[in-house]
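Read the single chain below, which is given as structure tokens and is the form predicted on its own.
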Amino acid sequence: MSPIFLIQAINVLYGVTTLAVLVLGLAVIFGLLGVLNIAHGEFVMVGAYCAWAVTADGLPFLLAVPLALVVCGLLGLVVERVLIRPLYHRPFDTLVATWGLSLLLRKTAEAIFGLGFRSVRLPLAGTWHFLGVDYPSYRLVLIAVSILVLAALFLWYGSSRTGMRIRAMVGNADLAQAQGIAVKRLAAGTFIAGTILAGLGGVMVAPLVPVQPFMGLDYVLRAFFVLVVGGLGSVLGVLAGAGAIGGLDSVVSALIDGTYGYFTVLVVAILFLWLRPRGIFAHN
């Protein structure tokens, strides 16, 4: 196999798996609760700033993971209790409310950190000799971690008691509550889990991208593209959408240019909205 082809194949795998993790938080909140969290990208940004804060103080990069989980979890708790809970089953209102939240979080980050770019040093520098080619070590670790996160979520949602209760809540919230399921608490936990996943994604990509207050805009758009193509309410939908969008973006960007890659995925998302609005794997 040609080394160039193999490197490009690994690049596609990297793009697909990391994009799937970045989208998971929005997929959980939108697909299961019907809340289009426009501030999803800002939670990714918060996770990235947690990574920068930890490494800027000379602490180990891995400490950014619990820090981001705690910070994004607390933010998610407050946002769900104060902003989202009164607006369940009102999709347009939650869209407007989370859009305002995204502005607030961006301006808060701008006030604290300024508009300049911050960089996070790579926790794992150098390359590994992998399948006959040299590839950046940190990207290979990200691929492995992303696959583990996706597999763990898939198994947990499909086989755990809590996953069964979430499926019951999504299917019929009133009936689930009549059966003794604490629907409000479960919905809050689901929302918080979505924000935590966004923060985790931010930590993962922080060493590879410029960290700045507006970085979340690109991620929320790509996440929306993935959900449009893959469909809502299923892990398979996230994987299918991430495979289509992430793979297409990586291939077109490598062959032509990054701008053409972004334009291509935009066209594909528009076509899906027009021809198959429920996506590849839609939740019934």
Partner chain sequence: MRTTSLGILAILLLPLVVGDYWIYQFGLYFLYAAAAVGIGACWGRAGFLPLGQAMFFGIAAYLSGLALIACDGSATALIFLPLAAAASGLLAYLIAALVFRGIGESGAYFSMITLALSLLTFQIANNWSTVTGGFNGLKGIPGLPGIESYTASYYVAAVALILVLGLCGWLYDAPIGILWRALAENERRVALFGFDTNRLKAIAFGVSGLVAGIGGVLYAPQQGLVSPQLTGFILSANLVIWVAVGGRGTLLGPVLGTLIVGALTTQLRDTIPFWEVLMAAFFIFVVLAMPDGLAGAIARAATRLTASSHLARKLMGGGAARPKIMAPARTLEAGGAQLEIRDVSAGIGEVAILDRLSFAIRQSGISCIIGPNGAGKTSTFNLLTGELAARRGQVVLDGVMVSGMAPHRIVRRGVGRKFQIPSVFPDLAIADNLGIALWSGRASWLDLLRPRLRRWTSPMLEELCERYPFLAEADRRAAELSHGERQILELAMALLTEPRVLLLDEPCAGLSPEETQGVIDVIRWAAPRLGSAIVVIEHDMSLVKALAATVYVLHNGTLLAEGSVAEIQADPAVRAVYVGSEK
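Residue numbers count along the first chain shown, from 1. On a predicted model such as this, the values are computed, not experimentally measured, just so you know.
The next section is about a form of this same protein that is not shown, the form predicted together with the partner chain.
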item	value
Triplet 22, 152 and 196 all within 4.5 Å of the partner chain in the model of the complex via a heavy atom	no
Which of 70-78, 104-112, 205-213, 135-143 sits within 4.5 Å of the partner chain in the model of the complex, heavy atom basis	104-112
Contacting member of 188, 87, 147, 122, with respect to the partner chain in the model of the complex [4.5 Å, heavy atom]	87
Proximity to the partner chain in the model of the complex, single hit among 248, 46, 33, 38 (heavy atom within 4.5 Å)	38
Residue 97 within 4.5 Å of the partner chain in the model of the complex, heavy atoms	yes
Any non-hydrogen atom of residue 219 within 4.5 angstroms of the partner chain in the model of the complex	no
The partner chain contact in the model of the complex: residue 228, any heavy atom under 4.5 Å	yes
Touches the partner chain in the model of the complex: residue 266 (any heavy atom, 4.5 Å)	yes
Residues of stretch 63-92 in contact with the partner chain in the model of the complex (4.5 Å, non-hydrogen atom)	82, 83, 87, 92
